[in-house]
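Shown below, as structure tokens, is a lone chain in the form predicted on its own; questions about how it binds or moves come after it.
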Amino acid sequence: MCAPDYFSVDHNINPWMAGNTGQLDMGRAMRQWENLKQELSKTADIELMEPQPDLPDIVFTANAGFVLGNRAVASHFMPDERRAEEPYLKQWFRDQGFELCELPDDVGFEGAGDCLLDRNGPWLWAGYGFRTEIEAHPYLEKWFDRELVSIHLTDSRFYHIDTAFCPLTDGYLLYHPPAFDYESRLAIEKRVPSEKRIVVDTEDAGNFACNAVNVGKDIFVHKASRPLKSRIQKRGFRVHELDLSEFLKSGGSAKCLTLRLTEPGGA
């Protein structure tokens, strides 16, 4: 995680940011982030990345890169506004002892926002369409020695797959089908049995219910409706709702604010 010391909403690189310039309550954002950190620390060890001046979006550490085993690939951001993060993120991964894999300069990839490990099958889910290019996928498949399932985002509100898709413990899946094209939905349904798919409707997806952090049987999320919570809990999970409204103004929530560093396996 990375503290929101320099967090701001002063540019527009996704639909959620539109109209929110100057609307951020910084004190409230800090309290919300601290609460998320405190709650996550009950089930996970937290490593902190030092916030950097002039890098307001670095708080969204899910976009720093993707980690599997002892390897990491740092992001190469599509929006120019985030390109300045890249040298710092690459050095951070090296300093943590990861073997760093580097994409060509002309290939866009935005980390664990668009690359997720399935929690049951031996494959990676990799998104493309808005902030990651499909040309990144063969590199990921090679470096991490895993089958890679490409899924195509078609709704600009859900610009990374982690805004609409969350693999859960024991092979369950929390997802919003309309965010993906027909072929991608078929690919998802082929690999995840119907009894393990938890469909999220438009209202819950708009509250970033899919942008959740799952640790074991605990799920941390900004907001989930009573019917959705009931369906999740029936699968044996505990749902923890945490107000992250200030970060939604920038198009992020619980998952966006974290990067898992201890994914098992690797190349």
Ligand code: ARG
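The first residue of the sequence shown is number 1, and the count goes up from there. Quick caveat: nothing in here was measured; it's all calculated off a predicted structure.
Not on display, but discussed next: the form predicted together with ligand ARG.
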In the predicted bound form, which of the stretches 137 to 145, 90 to 98, 184 to 192, 162 to 170 has residues with heavy atoms within 4.5 Å of ligand ARG?
-> 162 to 170
is_contact(H176, ligand ARG) in the predicted bound form, heavy atom dist at most 4.5 Å = no
Non-hydrogen atom contact N14 with ligand ARG in the predicted bound form at 4.5 angstroms | yes
Answer for R131 alone: is it within 4.5 Å of ligand ARG in the predicted bound form, judged on heavy atom distances?
-> yes
Closest heavy atom of H76 to ligand ARG in the predicted bound form, within 4.5 Å or not?
-> no
Looking at ligand ARG in the predicted bound form, which residues in 236 to 258 have at least one heavy atom within 4.5 Å of it?
-> S250, G251, G252, C256
